[in-house]
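What follows is a pair of forms of the same protein chain, given separately as structure tokens and numbered structure 1 and structure 2.
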Structure 1
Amino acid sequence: MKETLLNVKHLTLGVTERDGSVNKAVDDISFEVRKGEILGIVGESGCGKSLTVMTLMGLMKDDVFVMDGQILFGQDDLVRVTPERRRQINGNELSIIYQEPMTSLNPLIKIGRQVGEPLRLHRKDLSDAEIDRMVLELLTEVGIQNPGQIMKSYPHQLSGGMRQRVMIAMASICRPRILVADEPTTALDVTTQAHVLSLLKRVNEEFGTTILFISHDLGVINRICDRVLIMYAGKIVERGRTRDILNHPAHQYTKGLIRSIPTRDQKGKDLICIPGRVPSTMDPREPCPFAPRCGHTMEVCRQTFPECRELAKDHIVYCHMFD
């Protein structure tokens, strides 16, 4: 088995609502990220996937706080690192790209300077000329055809796909150990998305960067991820190798999610969808959060959250149907 790079243990995140009450947005989740893999986190809005990675990056909003748990990364517990140490880690060992690259780029600073910024902060021994040379090289590697000219451009002069390439260059210039990609292709067209996905795959293979890939799209996950975690309402409900999960989903939520996607042979037939709606953090939760929407709810589902069951090697499900 590959070496574990990041270990999330019993992470529980609380959100302070406007009325002062506290709700659990992420409830006791544990998982590990293995060296060199692309791990997907899938779930719908409000399932806690973005909150989890924001906590990983130490970028939670003021109303979110860690109630319990650890995130072990090398010698550090990312939940408890000092701000000084955090500044050494972010952008250097851990970096992130977001859905909308335009909001992550400074509109007033030229691309070349922005992409080189992590190096200026973390590699003080490099001269400006050396940094510029490295930026130029990296921009070429992420598939930008005229890097010299792009370095002198401003973000608004670039297309969406180009901006996302620039973001990927910026996030990987310090050769981070983990690159977090939070819905990086959701705002892009399908053809541009295909380019960005193959670029991320190359970053993973050629630089050896481990990628934590957040998405709601199982098609995208299938194209890029080695393993996947399925999250629902703050809980991990299933995890395993991507092919196993997509071909043999065990949890009723995973099954429902797959059936919700219209495919070739479903034309003219009703989609079998999951009834009800995605719960918000304000809604009262059953012990198994999927119980209200699941077609197979039993007495026990409303009493305890199921234990972890290993169905096959590396395929884990949390559901009382397998008790």
Structure 2
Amino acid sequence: MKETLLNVKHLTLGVTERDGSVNKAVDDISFEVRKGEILGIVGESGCGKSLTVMTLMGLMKDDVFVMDGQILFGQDDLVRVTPERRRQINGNELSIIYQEPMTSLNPLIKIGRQVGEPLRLHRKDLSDAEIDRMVLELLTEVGIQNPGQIMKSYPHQLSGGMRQRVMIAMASICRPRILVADEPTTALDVTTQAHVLSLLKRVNEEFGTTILFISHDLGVINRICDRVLIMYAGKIVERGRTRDILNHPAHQYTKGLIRSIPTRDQKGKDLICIPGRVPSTMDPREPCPFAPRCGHTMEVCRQTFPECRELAKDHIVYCHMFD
């Protein structure tokens, strides 16, 4: 088995509501990220996947806090690192690609300066000329034509796909051990989406970068991820190798996500969807939070959260149907 780079243990995140009450946004989740893999986290909006990775990066909003758990990265617990140590880690050992590059890039700073900024912060031994050369080389590697011209451009002068390539270059320029991609293809057309996925796969293979890929789209996950976690309402409900999850889904929520993927056979027909919605943090929740939307709910589902059941090697599910 591959070396574990990141180990999340019993992570629970609280959110302070407007009325001052505190609710759980992520509830006692545990998983590991292995060296060299691409691990996907899938779920609908509001399931807690982005909150989890923002906590990993130390970028939580003021109303979100860690109630319990650890995020072990080497010798560090990322929940408890000092601000100084966090500055050493972010952008150097851990980097992130955001969902919308137009709001992540500084509109007033040229691309070359922005891409080279992590090197200026973490590689004090490099001269400006050396940094510019490395930026030029990396922009070429991520498939940007005329990189010299792009370095002198501002973000608004680039297309969405080009901006996302710039974000990938900036996130990977220090060769981080783990790269977090938070729904990086959501706002892109299908062709550009394919190019970005191919680029991330190349970063993984050529740079040896481990990638934590966040998405709500199982079709995208199938194209790039080795393993996948299925999250629902702050809980992990299923985990396994991507091919096992897609070919042999166990949890009813996973099955619903797969059924909702449009296919050619559905042309002219209504799209299949999971009834109901993901509960908000303020909504009362059953011990199994998917119970109100599940067509196979039993009385035990309303009494206790199911234990972990191992179905095959590296394939687990949390569901009372397997008791």
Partner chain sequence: MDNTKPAGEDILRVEHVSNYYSDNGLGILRNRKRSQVLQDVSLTIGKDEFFGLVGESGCGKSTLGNAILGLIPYEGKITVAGLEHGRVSRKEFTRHIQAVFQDPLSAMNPRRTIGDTMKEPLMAHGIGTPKEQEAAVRAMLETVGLDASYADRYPRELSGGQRQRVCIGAALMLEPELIIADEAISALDVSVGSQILNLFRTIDVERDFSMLFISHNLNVVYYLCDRIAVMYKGSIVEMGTADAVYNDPMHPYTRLLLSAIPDYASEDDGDRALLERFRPPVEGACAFYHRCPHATDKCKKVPELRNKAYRGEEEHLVRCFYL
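Computed from a prediction, not measured in an experiment: that's the story for all the values here. Heads up, when I say rigid core I mean the largest set of C-alphas that superpose within 1.5 Å between the two forms. Along the sequence of structure 1, residues get numbers from 1 upward.
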request  = Working through the pair one at a time, identify the form predicted alone and give its number.
outcome  = 2
query = For residue 62, is the CA shift between structures 1 and 2 at least 2 Å following rigid-core superposition?
reply = no
request  = Spell out whether the Cα of residue 268 moves at least 2 Å between structures 1 and 2 when the two forms are superposed on their rigid core.
outcome  = yes
